[in-house]
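Only one chain comes next, encoded as structure tokens, the form predicted alone.
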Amino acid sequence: MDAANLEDVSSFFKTYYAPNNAALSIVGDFEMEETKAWIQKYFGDIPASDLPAKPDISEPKQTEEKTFVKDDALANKPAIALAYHMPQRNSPEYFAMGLLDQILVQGDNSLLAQKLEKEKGFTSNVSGGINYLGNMFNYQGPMLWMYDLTYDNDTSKEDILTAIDEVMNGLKDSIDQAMIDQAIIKIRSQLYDDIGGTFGLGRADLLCAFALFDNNPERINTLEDSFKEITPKVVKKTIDTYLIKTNRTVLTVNPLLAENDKTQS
């Protein structure tokens, strides 16, 4: 960003901020013909641009677990985050990961919350999801499923990872249709939250995403059906392919503030 000059910014804007590279979504209580006239008035004269070929942003398959440590002088507790590469958008495994997100980290009854919060007492909150900057639908490209938590200074990273591995190693054996049905109920609730969020902005966002990425904004009406098609067999295959250590990256935050306090005392 610092290297960009005014010419670069202007060229980028003229190339990509064009009607043939955009979708316009309007939600709310409005008059159709009046709104169409406004759209034509304010957007109709904007010319199309000559779009360049889309770059290849695909990522190579991760073949070994990666671990990183970040020293944080302001942190007073250690923290850990774990991330896994997601399957290709709109594939059966992609929707299976949406269900696994619900099973593993969303809500008090999720398996990792039960293990790390209720049983072990290592943390008060496990948070996570797919595509932290949005949701699993409004981005096209490589995505991550990840979760994170803070824990007490007298708990080791090894304790945390051992508890996590207990959940992940037993996950496939616990998957059945009843668990999937429960995950579908939870993801239905999340979809309604996404669609109704921020005074209609969530609905507008998803309509635009499905128009741009799938040329089908009506997908917003059939999202739940895509999850209902996922069987325990597909979920188990997804676990074997994606929820494995070789597809996992672990980031640990080292709280230097806590160490400094100990030194001073």
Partner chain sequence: MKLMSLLPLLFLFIFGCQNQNEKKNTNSKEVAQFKVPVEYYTLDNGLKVILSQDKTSPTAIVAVYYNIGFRIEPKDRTGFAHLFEHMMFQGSKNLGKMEFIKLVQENGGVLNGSTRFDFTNYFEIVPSHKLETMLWAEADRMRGLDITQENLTNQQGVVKNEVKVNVLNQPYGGFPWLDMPQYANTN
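Think of the rigid core as the biggest set of C-alphas that the two forms share within 1.5 Å after superposition. What you see is a predicted model; the values in this text were computed from it and never measured. Positions refer to the first chain, counted from 1.
A second form of this protein, the form predicted together with the partner chain, is not displayed here; the remarks below concern that form.
Inset, instruction - With the partner chain left out here, work out from 163-171, 76-84, 90-98, 110-118 which stretch has heavy atoms within 4.5 Å of it in the predicted complex. - result: Selected range: 76-84.
Inset, instruction - Using heavy atoms and a 4.5 Å cut-off, decide whether Val9, Ala23 and Leu201 all contact the partner chain in the predicted complex. - result: Result yes, every residue of the spot touches the partner chain.
Legend entry - Contact assignment for the partner chain in the predicted complex, among Ile103, Met143, Ile175, Val126, heavy atom within 4.5 Å: Contact with the partner chain in the predicted complex is made by Met143 alone.
Inset, instruction - Could you tell me which one of Asp50, Glu229, Asp240, Glu59 places a heavy atom within 4.5 Å of the partner chain in the predicted complex? - result: None of the other options qualify; the answer is Glu59.
Legend entry - the partner chain contact at Asn138 in the predicted complex, heavy atom, 4.5 Å: Output for Asn138 is yes: heavy atoms within 4.5 Å of the partner chain.
Legend entry - Lys41 within 4.5 Å of the partner chain in the predicted complex, heavy atoms: Contact with the partner chain, yes.
Inset, instruction - Find out whether any non-hydrogen atom of Glu218 is located within 4.5 angstroms of the partner chain in the predicted complex, and reply yes or no. - result: Judged by the heavy-atom cut-off of 4.5 Å, Glu218 is in contact with the partner chain in the predicted complex.
Inset, instruction - State yes or no: in the predicted complex, is some non-hydrogen atom of Lys70 no more than 4.5 angstroms from a non-hydrogen atom of the partner chain? - result: Lys70: contacts the partner chain in the predicted complex.
Legend entry - Residues in 19-36 close to the partner chain in the predicted complex, defined by a heavy atom within 4.5 Å, in order: Pro19, Asn20, Asn21, Ala22, Ala23, Leu24, Ser25, Ile26, Val27, Gly28, Asp29, Phe30, Glu31, Met32, Thr35, Lys36 sit within 4.5 Å of the partner.
Legend entry - Did Pro232 shift 2 Å or more between the shown form and the other one, C-alpha, core superposed: Pro232: C-alpha displaced by less than 2 Å between the shown form and the other one.
Inset, instruction - Classify Pro217 as shifted (yes) or not shifted (no) between the shown form and the other one, where shifted means its C-alpha moves by 2 Å or more with the rigid core superposed. - result: Pro217: C-alpha displaced by less than 2 Å between the shown form and the other one.
Inset, instruction - Using a rigid core alignment, state whether the CA of Ser58 is displaced by 2 Å or more between the shown form and the other one. - result: Comparing the forms between the shown form and the other one, which are aligned on their rigid core, Ser58 does not shift its C-alpha by 2 Å or more.
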